[in-house]
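Only one chain is given next, in structure tokens, and it is the form predicted on its own.
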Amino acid sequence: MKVLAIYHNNKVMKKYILLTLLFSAVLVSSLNAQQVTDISVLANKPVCDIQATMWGVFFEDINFAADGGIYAELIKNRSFEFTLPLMGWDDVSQNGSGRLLPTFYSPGDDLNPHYLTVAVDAPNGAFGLVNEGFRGIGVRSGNSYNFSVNARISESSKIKMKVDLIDPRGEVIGSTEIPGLNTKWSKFQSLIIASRTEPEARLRILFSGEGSVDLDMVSLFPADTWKNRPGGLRKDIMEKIADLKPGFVRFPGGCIVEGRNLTNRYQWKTTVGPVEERKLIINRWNMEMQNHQAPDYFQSFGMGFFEYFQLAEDIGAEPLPIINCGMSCQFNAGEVVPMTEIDQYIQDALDLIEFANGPVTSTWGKVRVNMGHPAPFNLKFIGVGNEQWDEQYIERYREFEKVLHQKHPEIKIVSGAGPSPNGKLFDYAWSELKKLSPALIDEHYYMSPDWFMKNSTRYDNYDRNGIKVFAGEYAAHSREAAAPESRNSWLSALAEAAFMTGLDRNAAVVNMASYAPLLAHVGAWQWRPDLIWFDNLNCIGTPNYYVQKIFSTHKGTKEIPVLNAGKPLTGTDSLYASASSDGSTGELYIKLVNNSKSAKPIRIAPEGYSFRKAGVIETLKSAGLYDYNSIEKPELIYPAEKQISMDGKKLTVNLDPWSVNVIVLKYKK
């Protein structure tokens, strides 16, 4: 028996050894299949400074981004100035009768001439009107909402006014009464507290008694706005933008600047001063997209140039206003101001600089002071035109540059290379602008994910001593589904990240960059993809948003070389890399993109400084290339952070498939 046991044990041992050898062979084979990529990071050999403006945001009033979006006003067509003055409004009766009578051409205000007369015959009931808001009115349980209205009653009228928040079934979820109506135009204000949360509430105004009442500037704002400013900006959206820590804010567009024709162009002077005196116009995007028309899309300019400057100041970003250069959108009317009349457009640019930076005694400086901002906004940049092209643009830009350089040499001018990233018009713009002296040339690219992957080397051969580049509008346009947010797929974000490593590596050339557009309402969009989606109560960051955040919050102050076999990683074995250091925080940031369905082992040798053993890796990934975040699943794709540790002077990490990563290491000089 003992002999048999020994024989059996030897047999088991041989089998165990054989299995071990087989496992080792498989492991070695697997490691060989996943060859480790060695990367050197030359932390003490910076290439160039990284501008504080490197990563910013581009705001345009498209997709209900301003009215119905970041501008927190909840009432649509509050001053009855839409082309159809009762758009957004309807009458309502409770055992009473009456009429809604839009009144035109009020002599009291040329910029805001319309108001509404409500004839009331309701001695034993009520008659009034209801506003639908911007695809509904979002209210939260327990939150306060500031109602205000300009009103007057006719002589001998005996009318009482009641204001309700109601749900889609007509049930009251908040109410207030407005006493003291009189025969002089007066502003009346009251507070409404919502009794429950409702994404599609409406505002109802009821009058009881007999007579008539005139109404104008009917308004409802959340009491809880950004920076607690009455009549201010929507807090949750602003927090999302501020979390990007952008270096600049480009505004107000985009094609909004140009207008479909010159009458419809953005004129900054009509967007400042008292809100009730700002001149409303049709938003150029209201009928632009055949499949997503929005005839109720107007610009009240409650979000005007003062608010844009204030927004930039609030989040510590440089303001970058874009002004019309005397040309409307060349994809639409293509109107061009004769060169003999270009002076008024140039004067608008000079006056804007005075509004932003001028002394309190200057004409436009006084306007800024009267709006509550005595200190200058410290404007440093101005953009001339959006994405115009050909000789018509160059000859107009030339005149702007001549005057601006003469009168304001301290202001950096941003010019443009047109709507495309290459081609005859693009080449012509660059060749002509090189003969002039803009500080930056704005390049735009709305292309496929494959284009973005292949163009991570786009700026490798640009002139380091030439005109700097502003990557002013970019987004990878990928496959889409029915859900509005679906075009913001993980594939598009991954492709943008690969491209952005190329911007990062070429900070000597690229001084500014911004994804576009910034905002979109899920129920009222014209264009997608977009960086942040929102409804009446919520807002979400897309995968693209979190890619932007990884880069913008790990910007650094110096570009650092990242090399594999002596060359940058620009797609070799599906890997892309860039790095930067921040002298103020003593941190090294290594961005790594794995555009492969397989994990990639990476061995990093950071050189030049003494690094702490412990570090952090933040990873953004998804198993599905067409996955996306939505209002219902806002964090399906969301950054995850974990601790990592140096092994001697090297760091080994395994990059997940289809992932964007940033490694943060602390160093001592």
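Residues carry their position along the shown sequence, with the first being 1. All figures in this text were calculated on a predicted structure; none of them were measured in a lab.
Same protein, other form: the form predicted together with alpha-L-arabinofuranose, not shown, and the subject of what follows.
Figure note: of the listed segments 575-583, 591-599, 548-556, 249-257, the one touching alpha-L-arabinofuranose in the predicted complex, with heavy atoms no more than 4.5 Å away, is 249-257. Interface membership of residue 444, defined by any non-hydrogen atom within 4.5 Å of alpha-L-arabinofuranose in the predicted complex, is confirmed.
In the predicted complex, none of the heavy atoms of residue 66 sits within 4.5 Å of a heavy atom of alpha-L-arabinofuranose. Using a 4.5 angstroms threshold between heavy atoms, residue 188 stays clear of alpha-L-arabinofuranose in the predicted complex. By the criterion of a heavy atom within 4.5 Å, residue 485 is excluded from the residues contacting alpha-L-arabinofuranose in the predicted complex. With the partner omitted here, the residue from 364, 527, 428, 381 that has a non-hydrogen atom within 4.5 angstroms of alpha-L-arabinofuranose in the predicted complex is 527. When alpha-L-arabinofuranose is considered in the predicted complex, only one residue from 456, 386, 544, 514 comes within 4.5 Å through any heavy atom, namely 386. The partner is not shown here, but in the predicted complex the stretch 284-315 reaches within 4.5 angstroms of alpha-L-arabinofuranose through a heavy atom at 285 alone.
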